[in-house]
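Only one chain is shown below, in structure tokens, and it's the form predicted alone.
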């Protein structure tokens, strides 16, 4: 079977499942993973026979796509701020909007112009913490997560990307004790009410870690409140708290932070949605 024939076979299998434009993009990634051919080589090699092992891999990957498994988990990697991170089902797949949160923190740190202590709460794959360390090499960066499996992945990424990070395994909902005060605390916490789960994409609700996504229906701001309470104790003087937020929770979180004696501002992402908040104690 040639590359051209396997492409036809996979497209026929998935044409009712995945949009044609998206499928072409996914196919390009799968072909590069299986054959190591880049996009130009994939055109040149269309009529090249594939090995039995390659055909087996293509069949396995296409079945996983048919079962809604995200391409990032199939390949074991995802891109964040132009860098490849290892990912698995213990960590969230990094999102483009989170890159904008990192950029805001870097923008603030560059204005301050001195080494800072930074803490990323709910670090997952480590993409926020590692990106901050790479952009701000003189700063000290820590990453905290409740999940030992997630921290193992974060540690692997830090080694691969040559980033020195302090990793902390703790549950911020239960008597967290931190080793330092911090100039910046940043978090992309769980914020999706459980009632929204049934309407979400299969790729998300069936594969990404629920612990990193969902909050109780009756307390959707649970993590924002908890992290803000922690920040009141752990932020250094003039310290800053940065959050990624659900686009329709901005007003509620601003009100919460005001009640907790924070000054706060909201920022829209590149799609025009309220997506980030920066806060400091009054």
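Positions refer to the first chain, counted from 1. Keep in mind that this is a model prediction, so the values were computed, not measured.
The form predicted in complex with a small molecule exists for this protein as well; it is not shown, and the discussion that follows is about that form.
- Proximity to the small molecule in the predicted bound form, defined as a heavy atom within 4.5 Å, holds among 72, 157, 142, 188 only for 188.
- This chain lacks the partner; the member of 161, 135, 146, 178 within 4.5 angstroms of the small molecule in the predicted bound form by a non-hydrogen atom is 146.
- Under a 4.5 angstroms non-hydrogen atom cutoff, the small molecule in the predicted bound form has residue 92 among its neighbouring residues.
- Taking non-hydrogen atoms only, residue 170 approaches the small molecule to within 4.5 angstroms in the predicted bound form.
- Shown alone here, residue 211 lies within 4.5 Å of the small molecule in the predicted bound form, counting heavy atoms only.
- Residue contact check for residue 130: none of its heavy atoms lie within 4.5 Å of the small molecule in the predicted bound form.
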